[in-house]
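We begin with a single chain expressed as structure tokens, specifically the form predicted on its own.
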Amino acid sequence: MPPEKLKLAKDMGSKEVFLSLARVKDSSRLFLGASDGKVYDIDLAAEKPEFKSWEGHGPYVTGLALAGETLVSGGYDCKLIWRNITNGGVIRTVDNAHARWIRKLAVSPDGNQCASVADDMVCRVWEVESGKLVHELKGHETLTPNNFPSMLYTVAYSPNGQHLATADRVGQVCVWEASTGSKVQTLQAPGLYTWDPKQRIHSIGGARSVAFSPNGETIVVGGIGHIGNIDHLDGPSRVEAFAWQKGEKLHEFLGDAKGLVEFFAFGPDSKWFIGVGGDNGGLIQIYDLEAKKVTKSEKSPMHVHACVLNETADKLFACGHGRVGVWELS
């Protein structure tokens, strides 16, 4: 059953915008990728939590992938950096890992590989231990149907590590076989994309979040619905769920809240999940896949960019504009 209560238990403020998050298993130690180009290390369980920082990127660290003692970070400088989390030492740096802004990273469940996606519309798969490039996944168009540059926003591994999904600005989701790099499915969620040829020639939106359910059967993809005022995130939060192997859409969740859904965290029984994001404010929503409805919609003290559930699914760690926090679920 989805949790019924959501309570902010602890939060920490900062002048930075935290864009990405990775958590050490069975702990409250978090790594945060920030808008100032630094990676922050903080333990929210400490009596007096402190932000410790590592430099190395230009502005905007948009992706983090944690595999054991190794943390890989990526950002708008098109660079990937491997670090040892015990001492923060740099293991290797890959300059020009992509030709354009890196948007997100994901790590395989066994920790052997990590995937990066960027606005060059390529997903690259890397061996974590050696830094070797394993696959280049190319299946997303570089331009929207209206000839605007597209963007490859997000990537996620399936729980068994056999597949990964990538999603772009026009709401196309590609599913790839991890061992071969072959594309095995394409899903379409055009409701996440707004093209306005009249008010001001513009295109906006896109699939900002994607995740597999723990049983591997469902893919959810999130963003924002039709945007009325293109100068703001003035549209309803939107999530679509697919039985991806059948190519079948299961449901469209249209929340009462406005803004982007930027990240997902699934409950362990695959029946519910949490989406976070926002517009000028922040939102945390709980979705029930069986009941096909949003069961809870809460405001957050910040626009939320990333989140993760703990192992028992009773704590949600999240970060965003100027803040990181932990919520208790019950």
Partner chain sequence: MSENSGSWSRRGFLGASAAGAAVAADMTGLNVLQNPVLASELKQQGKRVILLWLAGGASQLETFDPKPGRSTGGPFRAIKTSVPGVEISELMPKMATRLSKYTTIIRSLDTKNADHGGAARLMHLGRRDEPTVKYPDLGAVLARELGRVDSQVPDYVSFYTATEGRGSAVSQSGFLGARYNAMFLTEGNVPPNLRKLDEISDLDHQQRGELRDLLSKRFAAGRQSASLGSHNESYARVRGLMASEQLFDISKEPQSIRDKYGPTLFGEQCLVARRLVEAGVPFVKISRAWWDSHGQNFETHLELVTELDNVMSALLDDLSERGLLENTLVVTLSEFGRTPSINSSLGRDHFASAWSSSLSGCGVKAGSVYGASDDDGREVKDGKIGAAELFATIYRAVGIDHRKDYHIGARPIPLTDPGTKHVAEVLS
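Numbering follows the first chain given and starts at 1. Bear in mind that the values here come from a model prediction, so they are computed numbers and not experimental data.
Same protein, other form: the form predicted together with its partner chain, not shown, and the subject of what follows.
Its partner chain is not shown here, but in the predicted bound form it comes within 4.5 Å of a heavy atom of D231. Taking non-hydrogen atoms only, N147 approaches its partner chain to within 4.5 angstroms in the predicted bound form. Within 4.5 Å of some heavy atom of its partner chain in the predicted bound form lies at least one heavy atom of H321.
In the predicted bound form, its partner chain sits beyond 4.5 Å of every heavy atom of D41.
Of the candidate stretches 24-32, 46-54, 63-71, 276-284, only 276-284 contains residues with a heavy atom within 4.5 Å of its partner chain in the predicted bound form. Taking K132, H202, H251, K183 one by one, only a single residue has any non-hydrogen atom within 4.5 Å of its partner chain in the predicted bound form, and it is H202. Exactly one listed residue, out of M151, I219, I81, V128, brings a non-hydrogen atom to within 4.5 Å of its partner chain in the predicted bound form: M151. Within 4.5 angstroms of its partner chain in the predicted bound form, the stretch 154-181 places a non-hydrogen atom from R169 alone. In summary, the C-alpha positions of H232 and L8 converge in the predicted bound form, ending up at least 3 angstroms nearer each other than in this conformation. Between the C-alpha atoms of P301 and D231, a gap narrowed by no less than 3 Å is obtained in the predicted bound form, as opposed to the form on display.
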